[in-house]
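Take a look at this single chain, the form predicted on its own, given in structure tokens.
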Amino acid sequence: MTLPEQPARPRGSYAKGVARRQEILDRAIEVFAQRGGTRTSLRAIAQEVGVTHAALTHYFGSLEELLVAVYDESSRRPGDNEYTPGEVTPAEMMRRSAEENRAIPGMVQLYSTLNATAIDGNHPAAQAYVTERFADLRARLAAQVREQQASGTLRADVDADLAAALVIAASDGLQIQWLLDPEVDHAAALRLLDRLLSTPES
């Protein structure tokens, strides 16, 4: 059976839709950077962003999808602490990332909200995004650990995959503690972890 051809979508209309979605996303990032990820409705966020509820629903579908899009887009943007992979230890990489995050507390709160949303089991988009993000980050950090073990910077008796998971767990847990108590020294704790993983002479 031959299906009827679908009418081609006008390219101009598609390009305008992409541009409009990006415009809304850019504004949403600004809003979440200020307000964090406190649970609220799409309708309330639409008002803060300056668009109709219908427009926000059209481009993002649900609050869950908006949270994912905002965090994903903001995390892809280059920060001040750019570096070449392998030139710093995994704990130092997370320390630099945390330093950037602390300048935008709202995004740290959004990240925590997104993780909580993923864990509750009722939000598949958030769960898939966070699960994939952790898997990718563990793989990248484990590769760094192996590279630096080979160069003698990090201890050779440490399992690279477990070390990667430990560094992420330490950084994320410290971020939550910092949100609750700004006196918690996130950077110093990660430096201590770095020393524990490093070879005595490095």
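Only a predicted model underlies this, so the values are computations on that prediction, with no experimental measurement involved. Quick note: we count residues from 1 along the sequence shown, nothing fancier.
Just so you know, the form predicted in complex with another copy of the chain exists too; it's not on screen, but the next bit is about it.
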Partner-facing stretch of 57 to 65, 26 to 34, 41 to 49, 170 to 178, counted where any non-hydrogen atom is within 4.5 angstroms of another copy of the chain in the model of the complex: 170 to 178
Contact assignment for another copy of the chain in the model of the complex, among A116, V88, I104, A125, heavy atom within 4.5 Å: A116
Touches another copy of the chain in the model of the complex: R146 (any heavy atom, 4.5 Å): no
Contact of A98 with another copy of the chain in the model of the complex (heavy atom, 4.5 Å): no
4.5 Å heavy atom contact, Q109 and another copy of the chain in the model of the complex: yes
4.5 angstroms heavy atom contact with another copy of the chain in the model of the complex for A188: yes
